[in-house]
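Below you'll find only one chain, the form predicted on its own, shown as structure tokens.
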């Protein structure tokens, strides 16, 4: 069994540990930030952490009404810009806490008057010495190059922070159990991947709160299975990229119940007309019936809470597909666990 698979299975426990260890600190932090009257949130990250940041953007803007910017680190590291951030909250996200560009942005933001938060899995990392406050993902050591449990831990922190900043109910407490339920799909996933062993290209689609998941699954397929995977919002997909679809072309959808449901239905209807190979992760009967294949999640998972549990079967799909292709998912060629960019 790969380390990646082991770490995927550890996620419910890791998420529960994170809630128990960090909840009170974040509630206190939320009160402090409300009194500070921040009017902008900036999130800086790379790789899987940047995909988690896409969820953070949706959560903060939906629940707090505060505009969110996803930072381009080069603005700070290469172009040496000085931004006006005296009423901003700047959040750096890095599983290792050693991303040079992420930490450079945090340092520059502090000098520009921002309050800074670091989200990391490493308690003694460089990030913890720079940020004003550190939030830990209590995932334990992540040995596989492909991030899984640190990705969901980072997403969870955005839920905790959004709840603290908005004063909303702590609905995120249901997430670990939903993830436990999602893991029960593993045998079904293992059987499903046999159809995709020879897949070389695909498209991954997710809209709204699951938009970040479309990026994350595409990344996992590229780094662990060597599949060229493009990712889109279902809304953007109709604006040009639909032209690449032909008979049997694989399209993978994150398609929960909720406000994005009709977008998924519209896209699946068109994909069926084009005879594409559609595969959905969904908890909606109509979407499942329109899909060529579907992994069925529990209907009680609200769209607002769907991103973390919905990524679990996607991670399983990538891990088992790599195994079926004869690829070591734990050590993708040309990659290392910590990537240094400036």
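Computed from a predicted structure; not experimentally measured. Positions refer to the first chain, counted from 1.
The form predicted in complex with a further copy of the same chain exists for this protein as well; it is not shown, and the discussion that follows is about that form.
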| said: Taking 4.5 angstroms as the heavy atom distance cut-off, pick the stretch from 177-185, 118-126, 254-262, 190-198 that is near a further copy of the same chain in the predicted complex. | reply: 254-262
| field | Candidate site 66, 75 and 219: all three near a further copy of the same chain in the predicted complex by heavy atom within 4.5 Å | value | yes
| query | Is there a heavy atom of residue 246 lying 4.5 Å or less from a heavy atom of a further copy of the same chain in the predicted complex? | reply | yes
| query | Does residue 209 reach a further copy of the same chain in the predicted complex, with heavy atoms at most 4.5 Å apart? | reply | yes
| said: in the predicted complex, does residue 39 come within 4.5 Å of a further copy of the same chain, counting heavy atoms only? | reply: yes
| said: Residue-level question: is residue 229 within 4.5 Å of a further copy of the same chain in the predicted complex, judged on heavy atoms? | reply: yes
| remark: Checked 296, 31, 46, 293 for heavy atoms within 4.5 Å of a further copy of the same chain in the predicted complex; positive is 46
| message | Using a 4.5 Å cut-off on any heavy atom, which residues of 265-287 would contact a further copy of the same chain in the predicted complex? | response | 270, 274
